[in-house]
Each structure stands twice: as structure tokens, then as C-alpha cells.
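One chain comes next, on its own, written as C-alpha cells: the form predicted on its own.
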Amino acid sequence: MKIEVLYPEICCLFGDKANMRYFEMCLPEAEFIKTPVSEMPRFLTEDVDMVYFGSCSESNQERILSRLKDHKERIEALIEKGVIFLMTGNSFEIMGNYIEKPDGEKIEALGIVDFYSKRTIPQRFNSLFLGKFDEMDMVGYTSRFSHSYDIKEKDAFMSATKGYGSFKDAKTEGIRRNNLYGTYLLGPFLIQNPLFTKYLCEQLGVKEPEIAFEKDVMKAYEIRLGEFKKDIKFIC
């Protein structure tokens, strides 16, 4: 099993590195490839089972787009093949049609999923989040300078119950296409959502996966979920 972590030195805001550190503990037999920004992604020339993108600054987002724009066909083929792409924070915006800056300039994106994003700099949006993916309750938080719009229901990752979805009043959050999962949720997303972590392990072919520190992360998840279901302040 081969998992590529793309550009970890720049795709690492809000503690997103913790996602793959934890996933390595869950899958100790897997090969984790950490590709620096100075190198081309290995998934362009090799078979991989999963690719992870973490959140990054807006300037680095544009830098990544400039490197990947000539490889749209390869990326799209991998997604259609069922290779897992997990994208947290603003990283999934590169999969849309374009990203609009506050001055109206539009940055062409990969156009793999039909939606667009708009930056709101200097206005930042902070929110806890509660939603559902299939029958799983999903929890987390977001802190961002952008929203994403016109995501079709079939392309949405999960429903939004409380907090910001893909935009301020959206009923869905993130994008999904086959095994591409993009979410604005940040930080230790996989630690906070152990049921989804087990789901990813199953998608990678692990039968009856036992995730790292399962008893502890499940207890923390259940406590957090109970708190989030209460009438608490979600947006600040």
C-alpha cells in the first residue's frame, strides 16, 4: 500500500500534518511517501493508493496549481480509477473551475469538479462544524478566507447540520467524486472523526481495521459529538 503526502512543508497549516502522522500509526505496514515541493508528485508517474493534500496559504495554493495544471488528465484518471484523494482546508479548491480573488481576478483551477471558490480576504470565517457523511456524524472546525459555491448535491462530501458548510448558509460541506474527499475542516480531522478514518482504511482494502488508540479517540469523539449536539455557539 502506497500513500503520498504532497508538499508537507507548505501544506501544513492548522495542524494538518497530524492527519497523516495519525494515519501512519493506523497503517504501520503502508509506505508513506512525503513529496517536497521541490519534486514532482510521485502519483504522476507511479501507482499509488492514496494522495493527501493539507491546507496551505493562498500564495502556495496558486503555486501548487501552477505545478499541477498540466497534469489534469492524469489526476482525473486516478480519481475515476478510485484512487483516494483526501484534501483538507482550502486545498480542495484547486479541483474546481476557478478561484476568484477579492479584486475579481479569476485563477483558473483544474476543473475536475464543477464548482468555484471566492476568497474573502481580509475577512476570516471561523466555525465549529457538525454534519453527516452517509450515516456517520462528522465533527470539526474551520478557519478560512474563502467559500466554495455551486457544488452540486451529487458532488458534495457531507451534509451540514451546524456551522459553516461550503459557504456561510450552505446545507452541504466539501466535495466528493468517487474516492476524492475535499473538506474545509482542519487540523486533526482524522483523529476527530475515527469512524471516517476506519472507513478510509476499509477503502484501502483493510478488513476490520483497528485504528491507533481506538478506545481513546472514540471516547473523545463521543464526548465532542455530545457537546456539538447541544445548543452551543458554533460561529465566531
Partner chain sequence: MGILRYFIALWASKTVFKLLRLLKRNATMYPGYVALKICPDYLARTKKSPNVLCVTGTNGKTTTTNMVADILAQSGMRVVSNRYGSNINTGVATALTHSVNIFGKPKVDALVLEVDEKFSRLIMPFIKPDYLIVTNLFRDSLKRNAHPEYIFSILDTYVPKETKLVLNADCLQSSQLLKENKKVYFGIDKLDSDVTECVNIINDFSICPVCDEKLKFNYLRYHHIGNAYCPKCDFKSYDADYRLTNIDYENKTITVLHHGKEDVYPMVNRALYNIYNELAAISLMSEFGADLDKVKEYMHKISVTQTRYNESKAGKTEIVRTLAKGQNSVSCSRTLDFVGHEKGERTVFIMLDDLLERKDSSEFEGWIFDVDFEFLNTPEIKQIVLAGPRCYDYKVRCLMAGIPEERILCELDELKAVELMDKDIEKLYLLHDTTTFDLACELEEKMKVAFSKAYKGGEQV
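Everything numeric here is computed off the predicted structure, so don't read it as measured data. Residue numbers count along the first chain shown, from 1.
Just so it is clear, the following notes concern the form predicted in complex with its partner chain, a form of the same protein that is not shown.
The closest heavy atom approach of L128 to its partner chain in the predicted bound form falls within 4.5 Å.
Though the partner is left out of this view, A77 does not reach within 4.5 Å of its partner chain in the predicted bound form, counting heavy atoms only. Using a 4.5 Å cutoff between non-hydrogen atoms, N60 counts as a contact of its partner chain in the predicted bound form. The shortest heavy atom separation between V37 and its partner chain in the predicted bound form is within 4.5 Å. Contact with its partner chain, judged by heavy atoms within 4.5 Å in the predicted bound form, is confined among 42-50, 207-215, 164-172, 194-202 to 207-215. Contacts between stretch 181-208 and its partner chain, counted in the predicted bound form as any heavy atom lying within 4.5 Å, involve L186, G187, P188, I191, Q192, listed in sequence order.
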